[in-house]
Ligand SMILES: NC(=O)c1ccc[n+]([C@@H]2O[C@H](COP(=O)([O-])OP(=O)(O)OC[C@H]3O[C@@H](n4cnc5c(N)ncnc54)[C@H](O)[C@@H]3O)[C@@H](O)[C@H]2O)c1
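Next up: a single chain in structure tokens, the form predicted alone.
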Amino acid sequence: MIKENNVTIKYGVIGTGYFGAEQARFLSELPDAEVVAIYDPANAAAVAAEIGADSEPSVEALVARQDIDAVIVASPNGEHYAPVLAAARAGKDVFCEKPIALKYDQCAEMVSTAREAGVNFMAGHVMNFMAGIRRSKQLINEGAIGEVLFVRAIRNGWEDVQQAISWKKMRELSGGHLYHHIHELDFVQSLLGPATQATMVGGNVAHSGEDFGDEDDMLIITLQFPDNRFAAIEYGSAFRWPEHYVLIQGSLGAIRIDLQEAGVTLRVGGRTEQFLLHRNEEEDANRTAIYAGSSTDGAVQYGTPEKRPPLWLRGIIEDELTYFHGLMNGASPSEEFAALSDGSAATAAIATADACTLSLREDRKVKISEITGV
């Protein structure tokens, strides 16, 4: 429920692991916000004590509180669905981390439930808040590279055995690379619109056994869009030469977004222009150094609530939650983030991900309409 200006917005947070704890910290530091309650059976006590919040025994107890205006859902991916529905039905606005669910039908139900309840439902696709992503979209909208014809997104690397098997490596909880790293797929569709057909091949080629989870570690995707446009996406942790970038090919020029050696390059004719990926040079340097020194695939951040995210990641968390907090204070959704603000972009991304999953399972090209029924 939107509050009047200058009224403190009170939040509840469900899930305070590595990412959720940082979200709770940031919201608690805003002058017109307060985190009043947390639910997390493993981590709530320490984080609640740190920020001065209550620790609730269940999702139901948290969403029933009359002093909560909005709920942040940052539990493991496969545990978003029920808390989002409970919060929306209790009349709370909801910010849900990506992916909002691991099945299209659940996403659609979450969106419709929030709409029927008259509450905000924003998806946490934080890549959209990177300065270089926003600048790239602005240039494309201005026609700087002409019509977008093809997009290649690659997010891969190598991962060694970890001390413990993270929930991020368990298909049931994370969805694996495709769902947990839905950012790139969402970004591709923000440029080209929803895909019409999908093909995915791959499997678990290098990480089988009791020391690993059960996710596929190599996924290769091709997507088709209206008007004869295409995209290719690679995900995985079975690649000894790590890469993380998005290359956007247009009829007049191209944009390369480097998420490993942080920076963005525009190339039109004989002219080249470079600009930052994040808000400042310090954040770009921070990201570049972390990726260069990472022992994992560079795309998964492991940690506990006590481990603070790196500078670059804190920056986009701050920008994303500042936007959501603005909605809570009565701001209208911006055109730039409208599809994030109502869950529609997140739902479209999962529809395409589900089509990819079906393609791999049945070894065929899949129309997105097979998933959505539209």
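Note that residue numbering follows the sequence shown and begins at 1. In this text the structure is predicted, and so the values were computed from the model without any measurement.
Omitted here: the form predicted in complex with the named molecule. The next part is about that form.
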Partner contact for L313 in the predicted complex: the named molecule, 4.5 angstroms, heavy atom: yes
Any non-hydrogen atom of A74 within 4.5 angstroms of the named molecule in the predicted complex: yes
Determine whether any heavy atom of N43 comes within 4.5 Å of a heavy atom of the named molecule in the predicted complex, and answer yes or no. yes
is_contact(H183, the named molecule) in the predicted complex, heavy atom dist at most 4.5 Å: yes
May I ask you to choose, among E97, D216, E283, E234, the residue with a heavy atom within 4.5 Å of the named molecule in the predicted complex? E97
From the list Y81, F212, W167, F239, which entry has a heavy atom within 4.5 Å of the named molecule in the predicted complex? W167
Residues in which of 200-208, 138-146, 121-129, 265-273 have heavy atoms within 4.5 Å of the named molecule in the predicted complex? 121-129
Is it true that I14, F19 and Y39 each have at least one non-hydrogen atom within 4.5 Å of the named molecule in the predicted complex? yes
Residues within stretch 249-269 having a non-hydrogen atom within 4.5 Å of the named molecule in the predicted complex: none
